[in-house]
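Here you get one chain, nothing else, as structure tokens; it is the form predicted alone.
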Amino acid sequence: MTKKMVFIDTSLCTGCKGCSVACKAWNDLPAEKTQLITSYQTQKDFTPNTWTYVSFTQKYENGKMNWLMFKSQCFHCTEPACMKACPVGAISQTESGYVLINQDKCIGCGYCAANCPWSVPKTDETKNKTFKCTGCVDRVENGLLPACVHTCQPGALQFGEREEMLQKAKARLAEVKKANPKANLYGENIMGGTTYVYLLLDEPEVYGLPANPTTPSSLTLWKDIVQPYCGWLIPLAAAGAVGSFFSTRLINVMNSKSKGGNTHGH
């Protein structure tokens, strides 16, 4: 299967939250008690049972109040930090680009959440399992649209082959920039290119997004440099310890003999 992509045109989003409802319905996720965060936003963050939600940002500019809506979910990166961080190999990637957590292998350690640039995965402390958006891979692999895309009435969500969707996204961006000069595409290149690519009306930081999300340097250092060499570093350290032990013994013996010889000479 070729790489897929969901194009999210935030300029068309009405904030109806239908995508969040559809996600819960398809994945049998229970409803959760929410509260007013700001304006029309009632969900502050992801939870083990909320895999997508809409944030609302109000920005007053040039005498006009602008509403910036953003559908949050896992980005399904081409170079996923979560998969790199998982110590038990519970996270894998499909040919179509989706990053999935195998719940049978997951131990709920939370390393994936700690290393995700957007803090997407969330761990259920009672189950010791971590959850996030699956991209509705079960629907996609059976020729259906992801639930969120299927339910989006304003057409803010589109799904298809990655290259085709990128062409649409860039054409749409050129059109939107005429009235919104700060408009940009978010996700085309970051983290190796994400499966979910956004057309933003303003800079990523305005939406509370990292402008250049990257895999934490500490994770790269551990996984790419330290860990691969652990196999021979341990026996090398052991050999060094043994060598140090014998060399120390040898020096002590030689010193002892030397002192003994000097005493005999006197």
Partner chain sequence: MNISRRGFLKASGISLAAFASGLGFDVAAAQAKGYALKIEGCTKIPSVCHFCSGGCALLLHVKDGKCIHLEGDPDCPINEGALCPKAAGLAQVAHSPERPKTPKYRAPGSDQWTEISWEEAIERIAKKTKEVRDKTFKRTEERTNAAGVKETVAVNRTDGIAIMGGAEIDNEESYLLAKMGRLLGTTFHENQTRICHGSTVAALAPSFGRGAMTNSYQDMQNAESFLIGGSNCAEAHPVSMKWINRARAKGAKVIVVDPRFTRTASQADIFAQIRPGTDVAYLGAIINYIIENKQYDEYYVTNLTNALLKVSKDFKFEDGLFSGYNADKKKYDFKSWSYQLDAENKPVKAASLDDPDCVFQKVKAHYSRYTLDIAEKISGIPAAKIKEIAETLCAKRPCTVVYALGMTQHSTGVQGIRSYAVMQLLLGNIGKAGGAINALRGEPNVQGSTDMANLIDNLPGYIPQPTSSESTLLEFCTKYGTAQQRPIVAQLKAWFGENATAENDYCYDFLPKNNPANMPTYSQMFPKMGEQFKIAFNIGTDVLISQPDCTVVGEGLDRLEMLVNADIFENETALFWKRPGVNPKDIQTEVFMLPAAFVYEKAGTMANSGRYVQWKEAALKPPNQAKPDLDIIDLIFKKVRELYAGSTDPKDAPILKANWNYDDGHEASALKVLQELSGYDLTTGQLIPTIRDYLKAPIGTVSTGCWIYTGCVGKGNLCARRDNSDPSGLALFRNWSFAWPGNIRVLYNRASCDALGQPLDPKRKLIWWDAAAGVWTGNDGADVVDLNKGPDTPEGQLAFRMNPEGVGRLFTANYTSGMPVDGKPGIPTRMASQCKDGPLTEMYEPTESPTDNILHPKVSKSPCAPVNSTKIGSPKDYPYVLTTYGVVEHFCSGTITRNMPWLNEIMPEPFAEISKNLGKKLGIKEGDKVEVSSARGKLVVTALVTDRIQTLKINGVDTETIGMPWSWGFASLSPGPSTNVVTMNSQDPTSGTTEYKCCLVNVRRV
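All values reported here derive from a predicted model rather than from experimental measurement. Residue numbers count along the first chain shown, from 1.
Not on display, but discussed next: the form predicted together with its partner chain.
Discussion item. If we define contact as a non-hydrogen atom of the residue within 4.5 angstroms of the partner, is Thr134 a contact of its partner chain in the predicted bound form?
Written reply: Output for Thr134 is yes: heavy atoms within 4.5 Å of its partner chain.
Discussion item. Since only the chain is shown here, I'm wondering whether Trp26 would be in contact with its partner chain in the predicted bound form (any heavy atom pair within 4.5 Å).
Written reply: So Trp26 counts as contacting its partner chain.
Worksheet item: Looking in the predicted bound form, any heavy atom of Leu144 within 4.5 Å of its partner chain?
Response: Contact with its partner chain, yes.
Discussion item. So in the predicted bound form, is its partner chain close enough to Phe56 to count as touching (4.5 Å, heavy atoms)?
Written reply: Contact with its partner chain, yes.
Worksheet item: Only one of 115 to 123, 147 to 155, 183 to 191, 73 to 81 gets a heavy atom within 4.5 Å of its partner chain in the predicted bound form; which is it?
Response: It is the stretch 147 to 155.
Worksheet item: So which residues in 74 to 99, when you check its partner chain in the predicted bound form, have a heavy atom no farther than 4.5 Å from it?
Response: Those in contact are Ser92, Gln93, Thr94, Glu95.
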